[in-house]
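Next up is one chain by itself, shown in structure tokens, the form predicted alone.
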């Protein structure tokens, strides 16, 4: 991911961003920091970029011409998503960081003095963002804050694949308190449960502490968390048919756009995916008006809504699917023993055989450490993984190696990983794929009574 920062102080930006984790990510070319000096693009022979404001007033204003030319040097005629850092903007949040992290390139415009000529803002800015209700001397520090938050969501930037998922604001909860050595410090003892070695009790304690801390420090977040918990409990009465909603809520990915009676609309900003179940077409059409701009995929629980969704978003129906889930607690046996985590070096091998998503999507799954491969004689002969919405899939086995239990072993391997992470493994089987349905039955997955439909752009 590339960050272009338009600034009067490029050394300030590069000095702050080319160190620690972000510095290492830049060295690995996972991110790119491009600080552009706006002063280099002024037409004034003295290097001046500011002037007095029309109508009078204190302070100077950055002129439109050098800002626009600096932007053009970066964009090269393209229309890039451009963030103007201003206290007048909408608040920066973790959800917005996730949205920005999906971009291949972002421009940050850093103002100074009394701001920037409004005319150039109207021409190039797409997002007005603030990091708080206070005023700083310039936009460099807020831009660096946002770039840090966004970068750590880029696959591969954090060494621990779970780091970004288990911190504050995950699932609308603040992070639980943590402790290190020594066991007793200033007379204060590390909670005994953390010394017990009982991971189930430790997990329960951490959840309780997160809830308590959120209720005390961020009651606004806790109200949202409670809303999700109530919906989760309601959906659990028909778990097999609602597992897609439940896992999205449990993972902290699904935002509730509507939940009343039997009508539910969730939005996963990370995937730009909406999930919907409704009692009538009339209600469904009303809920479609709540769907955010830029949606890429739609998971629909009622066939009668497919036409309306396709008309509204210019989508096509990809697949009608069975929904399956694994609710048992015990680990599954794995017949094929040589299964490994796959890295980006296997992109071409996988993209050559997996055609239900773009090459970039497959690359993202590899960088997210969500793909696993089966090997025979050191050759990749099959693979499976976890989609960005949390469902299992991406399963393929070379024809010469089929009917040897490799596909079953791959899925069992993924199921065991998801269970260890505390999730409920689930997936979608295209209607008509009887061989896969039989494999789900052998593995012990339960089949939902209702079908679901995947919809999206034809070129997705």
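Numbering follows the first chain given and starts at 1. Remember, it's a predicted structure, so these values are computed and weren't measured experimentally.
Not pictured, yet referred to below: the form predicted in complex with adenine (ADE).
**Asked** Where does adenine (ADE) sit in the predicted complex: which of 205-213, 330-338, 135-143, 175-183, heavy atoms within 4.5 Å?
**Response** Within 4.5 Å of the partner lies stretch 135-143.
Could you check which residue among 130, 241, 229, 302 gets a heavy atom within 4.5 Å of adenine (ADE) in the predicted complex?
If I apply the 4.5 Å criterion carefully, the residue I get is 130.
- Task: Tell me, out of 86, 171, 248, 151, which residue has a non-hydrogen atom within 4.5 angstroms of adenine (ADE) in the predicted complex.
- Result: Residue within 4.5 Å of the partner: 86.
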